[in-house]
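The form predicted on its own is given below as one chain in C-alpha cells.
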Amino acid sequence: MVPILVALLLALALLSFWRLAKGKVEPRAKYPRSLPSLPIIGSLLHLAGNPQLHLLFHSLQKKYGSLYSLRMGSHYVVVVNHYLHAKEVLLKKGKTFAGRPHTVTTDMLTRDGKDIAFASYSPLWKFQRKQVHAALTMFGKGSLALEKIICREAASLCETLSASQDAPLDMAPELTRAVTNVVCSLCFSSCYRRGDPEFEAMLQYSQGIVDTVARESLVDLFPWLQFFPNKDLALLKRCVAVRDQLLQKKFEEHKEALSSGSADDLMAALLRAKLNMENNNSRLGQRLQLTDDHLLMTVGDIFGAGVETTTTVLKWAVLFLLHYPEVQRKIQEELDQKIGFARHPQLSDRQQLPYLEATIREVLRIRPVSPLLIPHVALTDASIGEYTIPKGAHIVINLWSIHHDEKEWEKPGEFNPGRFLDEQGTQLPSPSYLPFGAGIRVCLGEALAKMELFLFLAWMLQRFTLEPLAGQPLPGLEGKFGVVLQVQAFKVMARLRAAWREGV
C-alpha cells in the first residue's frame, strides 16, 4: 500500500512539474479587495446612514484602494474610482462591460428595458441607438436648426429675467421650461408657455422620477419588497403613468401626421424607421422586433434625460456664479470684448469665448450631473487592471472620485475655470475628465447639451448680472444624490446690465 501511495505522489509531482514547464499552470484569480459582507444583506450595514453614496465611495478609497468591491444585497459590485480603470471599462473593454442591471424601478420606468439608457447591450439596442443618432444628425442639419431653437428659448428666458429683475426669482422652473422646449421641439415639434398645465404636470412627474429611480433603493436590491406597500414605488407608478399618457398622445398625433408627410422631428424619424423595417420585411426587421414600446421608451429617454441633466447643470452653473462673482465678471468681460452689445451670442463664438467654455467644463467637473453614472454589467468574465471581474458583476464608475482626484487635479474642491486654460487662453486637455462618460455608451445628447449650456449662459450673462438675495446667506453647494446630483432650491436677483439699461 505504501509503495503505491509513494508512486502516486511522485506521479502527481511529475505532472505538476510538467505543467509548470509547459506554462499551463493557471494563476490564481485576484479579486478587488472587498468590504465586509453578511448573508442576504451584503455590505449594506457599511452604507447605512450615508445617502450621499458618491461621497462615501470616494472616502472608502483610503482603506480599500481606488478599485474595490462590495455586495449590495446579492449583487456583486465593483467601484471604480480612477480614470485609467474607468477608461478600461468604458473604452478599451466597452462591449465587455456594456450590460445594464435590471432593477424594479428602471424596469418600471422603461417597460422592462426597452429604452437606450437602461437597456443592456444587444443587437436591438445597437439598432435603436443608431436610429436615434441618425435622427439627431438629420434634424440638426449641421446644428443650425437646433441653434435656432435654443436661441429662441434663450431669448424667451431673457424676457422672463427682465420682467422679474426687481423681485427674487426661482430660476429652476424657468431653466426647466427653456430646456424642455428645446427637447420638445426636437422630439415632438412643440413647446410650452409659462403656466401651461401640461408643462406643470411634466415638472411634477419628472421630479418624481428623479427622486425614485436608480438610487440603489431597497426595492431594487430586494425585488420581493415590491409586493409590499411602498410610497416611493407608488409615486413612481403615478409619475410613469402621467409620462406615458403624454407620450402616447404625441405618438398617436405623429402617426396621423406621418401619413400627410407633415411630421419632421425625432418621433417622426423613429416612426419612419420602424415602418420601413416592417414594409421591407427584412431579416433584420424580423430578428430585431422594434415595437411601439421601444419607440416610446426611446423618445421618453431622450426627453427625460435631455431635460433633467441639462437643467441640473445650468442650475449648478448659476449657483457657482453666485458664489464666485469674479468668475461671472470675467465671463462678462470676455463677452463684452468678443461680442459686444450689437448682436447675440452664436455657436460660432465658442472659440472666441474660452473662459465661458472653461467655466462650463469646471461646473461639469466639480459637480458631475451623474456622479456614479449608470452602472455597467460585465457580460463575460473579464478583468480591470490586475483584478479579475466575474460575469454579472455591476461596475460603478465613481465620476465624483475621478473629478476630485488630488493626484490629477490641483485643489479639486475649489471652483477654478482657469485650470482648463493655459496662459494664452487655449483649452487644456484633461485625461481624467469624463462628464458624459465615454465609449459605446457615451451620452447620446452630449453635443446638444454642450450647445444649450453655452448659448443659455452666454445669452443670460451678456444681458444680466446674477446676484444672491441681499441680507441672506448664499445657498449651499451640497448636492442631493440621485439619478442626477440635485441642486437645493434657491432664488436670485437678475440685474439688467448698464449697457442694456442704457439701450446701447
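In case it trips you up, residue 1 is the first one in the sequence shown, and so on. Since this is a predicted model, take the numbers as computed values, not measurements.
Omitted here: the form predicted in complex with a small molecule. The next part is about that form.
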| property | result |
| --- | --- |
| The unique member of 213, 78, 178, 267 whose heavy atoms fall within 4.5 Å of the small molecule in the predicted bound form | 213 |
| Option touching the small molecule, based on a heavy atom within 4.5 Å in the predicted bound form, out of 150, 90, 305, 187 | 305 |
| Contact segment among 78 to 86, 112 to 120, 403 to 411, 246 to 254, judged by heavy atoms lying within 4.5 Å of the small molecule in the predicted bound form | 112 to 120 |
| 4.5 Å heavy atom contact, residue 487 to the small molecule in the predicted bound form | no |
| Residue 494: touches the small molecule in the predicted bound form, heavy atom cutoff 4.5 angstroms | no |
| Contact flag, residue 205 vs the small molecule in the predicted bound form, heavy atom cut 4.5 Å | yes |
| Interface membership of residue 334, the small molecule in the predicted bound form, 4.5 Å heavy atom rule | no |
| Whether 309, 369 and 374 all lie within 4.5 angstroms of the small molecule in the predicted bound form by heavy atom | yes |
